[in-house]
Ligand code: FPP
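Here we start with a single chain on its own, the form predicted on its own, put down as structure tokens.
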């Protein structure tokens, strides 16, 4: 269901919070070396939807009273999760040999893999330096745990490339680890910093993780079906790199004989046209899309009641946008 968000006061609070995030992000990545600054300024272009910092702020506002403001720690954590996310994008582009990100050239394409790997590491180290300014070791510990999980997810995915036996459960575990946990932590920590109950903090984490899984399914569909100009980044990288995504897994599981054989041949030959035709004919693309929608609906059902109803409405709207986007 499409929602129209009209709370101008809440919108202003979010805009102000995101402006603080941008300032923290840029000041943290300021270096005395022009070469480092050039790379950092380039990667700032990767900030697109700002989903994760927005979720930190909205989740925080959801559990504050109308007359209360967010804590300074909300902005710090919002900037931290975005910096961690940016690091994963830089590293992902290296793993995928991607040339385009946010309709511009990737760091690895411009400067090579060595510079891109080091920049990703630099972003991670700066993220935890920034997080320490919140003066709460528990926040560092939680985001350290999340970052470890992100890396585990990527390593498991790497180990299962070109594996035509990859099953749906393993796919979802990879997606949960490499994408969803950071989205979940964004909602969790936003609510926690606002003083939400333990039960509500857990519910917010689960809400965010569901959104993260749905987000990745939609990303996988856009990689297979979208065009580069609209999506704004290199496409067909999953097929090129031998990564089975949900529509492929569903097709292999639900078909037999010639239809299954044609899809397997298309995957091995990296023939995107034949693969799209096969997945469309079997209904696997529609089934993957329906799965993403169902996960978003489950997320919305589990969203707890909050102090500010308009903030809760915005969280529901953000959930709907996850599967409606084309970029």
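Bear in mind the structure is a predicted one, so any value in this text is a computation, not a measurement. Numbering follows the first chain given and starts at 1.
Another form, the form predicted together with the named molecule, is not on view; read the next lines as being about it.
Taking the partner from elsewhere, residue 243 is found to have a heavy atom lying within 4.5 Å of the named molecule in the model of the complex. Not displayed here, the named molecule is kept clear of residue 156 by more than 4.5 Å at the level of heavy atoms in the model of the complex. Within this chain, residue 95 lines the site of the named molecule in the model of the complex, having a heavy atom no more than 4.5 Å away. At the 4.5 Å threshold, heavy atoms of residue 73 stay clear of the named molecule in the model of the complex, well away from it. Residues with any non-hydrogen atom within 4.5 angstroms of the named molecule in the model of the complex fall in just one of 187-195, 131-139, 107-115, 144-152: 144-152. With the partner removed from view, the residue among 87, 203, 249, 224 that has a non-hydrogen atom within 4.5 Å of the named molecule in the model of the complex turns out to be 87. Contact with the named molecule in the model of the complex holds for all three of 91, 178 and 216, each having a heavy atom within 4.5 Å. Along 109-132, one residue reaches a heavy atom to within 4.5 Å of the named molecule in the model of the complex: 124.
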